[in-house]
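A lone chain, given as structure tokens: the form predicted on its own.
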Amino acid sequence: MNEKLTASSNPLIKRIKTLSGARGRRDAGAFLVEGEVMIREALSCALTPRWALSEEECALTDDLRALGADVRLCTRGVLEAACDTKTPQGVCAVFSLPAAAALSGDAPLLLALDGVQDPGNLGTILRTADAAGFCGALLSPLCADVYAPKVQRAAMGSTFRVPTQRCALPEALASLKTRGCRIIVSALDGLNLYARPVCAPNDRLVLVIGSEAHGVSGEVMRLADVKVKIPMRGRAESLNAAVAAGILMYELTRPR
């Protein structure tokens, strides 16, 4: 049994702390998952654990060791130093980044995110996409990192189940369009979502959601087969990106 870690200056803790940034995650090929529920989600999706920190021995630490993870017991102070949250839930684990997804043009439902930079919004959108039955998400280079801690907390495990592909969005959408996918873009000057059917039940759809500040880029907008908007009956001019994405995902898939 390894000696309990009591110093946040330990080299392992320093390695884990580098995973708080996107560059550190890319360089290490790994990301941090906090809390038993999220770690169990990652294990259920066959992600590979490398290291783990825990305040005490438990069934989860046994399971992580059985999968080859280097599990260390630690003090509360050490766990707080390693984790992104101020009050961590007693355990965290480092997992290898999964291989980049290759999303098929044959998928019936895809999401495309054009510059969604807020981590909470990105995580919430991916969680809703998971619930609504979307097969994956294309992310423009300006989107937040899927494996950032705040994205993970908002997604609650959905990033492990919804494949994502970071790509040049105009080129990817143009390719999908030539393969028969219908590109539906959320836009303030679009058709009223409820005015008439936007798509047929058997259409293969790509729903495009733009950035919080600037919406969908002009280059992407020009690829739209249909532009839609959610009607504003009150005095608000627009909705939060994650809320709008949730409404659109469920409304567009309702005929199915």
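Don't overthink the numbering: it's just position in the shown sequence, from 1. Bear in mind that the values here come from a model prediction, so they are computed numbers and not experimental data.
Form predicted together with a further copy of the same chain: not shown, discussed below.
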**Item:** Segment assignment from 129 to 137, 99 to 107, 77 to 85, 166 to 174: heavy atom within 4.5 Å of a further copy of the same chain in the predicted bound form
**Value:** 129 to 137
**Prompt:** Of P231, P201, G218, G29, which residue is found within 4.5 angstroms of a further copy of the same chain in the predicted bound form when only non-hydrogen atoms are counted?
**Reply:** P231
**Request:** Please check if T18 has a heavy atom lying within 4.5 Å of any heavy atom of a further copy of the same chain in the predicted bound form.
**Result:** no
**Asked** If you check in the predicted bound form, is I247 within 4.5 Å of a further copy of the same chain, heavy atoms only?
**Response** yes
**Message:** Although the partner isn't part of this model, could you tell me whether N10 comes within 4.5 Å of a further copy of the same chain in the predicted bound form, counting any heavy atom of the residue?
**Reply:** no
**Message:** Contact with a further copy of the same chain in the predicted bound form for R182, defined as at least one heavy atom pair within 4.5 Å: yes or no?
**Reply:** no
**Sequence-ordered residues of 27 to 51 touching a further copy of the same chain in the predicted bound form, heavy atom within 4.5 Å** = S44, C45
**Complete:** Per the comparison in the predicted bound form, the K177 and R196 C-alpha atoms (change 3 Å or more) are positioned closer
**Message:** Comparing against this form, do R196 and K227 have their CA atoms pulled together or pushed apart in the predicted bound form? The difference is 3 Å or more.
**Reply:** closer
